[in-house]
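Single chain ahead, by itself, as structure tokens, in the form predicted alone.
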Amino acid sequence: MSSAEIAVKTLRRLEPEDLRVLAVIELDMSRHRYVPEADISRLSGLTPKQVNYRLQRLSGFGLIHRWVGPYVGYALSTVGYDCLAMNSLVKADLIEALGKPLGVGKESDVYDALSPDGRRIAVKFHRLGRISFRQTRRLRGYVAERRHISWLYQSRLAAEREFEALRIVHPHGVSVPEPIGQNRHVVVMSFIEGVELYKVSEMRNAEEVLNEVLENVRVAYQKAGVIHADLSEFNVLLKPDSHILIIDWPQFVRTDHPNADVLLRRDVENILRFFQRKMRIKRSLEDILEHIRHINMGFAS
């Protein structure tokens, strides 16, 4: 059972005081790797006896980690962070039920879910702690700017950035999931259905698919002023209707970013390389970049 599934199951058993203690630990983790027990009592407004009881409960549920050193301290576990996010999303009437996993990757888990009005949606949990801290800092500029940052907070920043990107590009007609809500490290979006391009062995309409990907890159660049900055065959989905969906936007940059040209070129190179290697379609990189940057027109085969 995944941490998200454990969190949903455990959430039903938590009492308001449990959630208050979890929230206090989350808050004070900005100052401590492990939050002192005395701080938890002071910030929660609960007596030391009450705090001790809550900490034992939360430890039993696997929502916190206990550390003994010069002092006794506590930190949120992944399940505990999931609980806080899910509790907030449920209270905001964004999620009614969490279903089966749609995809599990190195840096995120995506689940099928239902909204309170019965709409099928997707819920994405960012999990940046699964890759090394050095690798994360190297790849993600918004992390590299900070010296000290926990795995949980890295995941929260990734979720905030992805939600921001979706809110920018979706209104311009870029083929991305519709952003619905975000809390902590979790993004709620419209349902995601499709197969990553790298898993597609045969594509009858490969030229049209390539054109559609490039057109979405162009619209994001010209109309939304955004570059994906991590685009490849791994985050372009081919939907059942043969149209595409571009996912995974936390590394996006604006077109006025100092490295915008380099990142745009890399995105397009990745896509063209894939279609040339797998579908035997060859296009001029420089011509494509010219279309994206300067010419308000679609792509022809």
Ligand SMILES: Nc1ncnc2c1ncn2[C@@H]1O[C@H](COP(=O)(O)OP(=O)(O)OP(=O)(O)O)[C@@H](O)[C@H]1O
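Numbering starts at 1 and follows the sequence shown. For clarity, every value in this text was computed on a predicted model and none was experimentally measured.
Omitted from view is the form predicted in complex with the named molecule, to which the following refers.
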**Asked** Within a 4.5 Å heavy atom cut-off, is Leu264 in contact with the named molecule in the predicted bound form?
**Response** no
Although the partner isn't part of this model, could you tell me whether Val110 comes within 4.5 Å of the named molecule in the predicted bound form, counting any heavy atom of the residue? yes
Determine whether any heavy atom of Ser150 comes within 4.5 Å of a heavy atom of the named molecule in the predicted bound form, and answer yes or no. no
**Prompt:** Given that the partner is absent here, does Ile247 sit within 4.5 Å of the named molecule in the predicted bound form, heavy atoms only?
**Reply:** yes
Counting only non-hydrogen atoms, the one stretch of 247-255, 36-44, 269-277, 58-66 within 4.5 angstroms of the named molecule in the predicted bound form is 247-255
Checking Met189, Ile95, Cys83, Leu76 against the named molecule in the predicted bound form, the residue with a non-hydrogen atom inside 4.5 angstroms turns out to be Met189
In the predicted bound form, the residue from Pro116, Pro171, Gly99, Gly103 with a non-hydrogen atom within 4.5 Å of the named molecule is Gly103
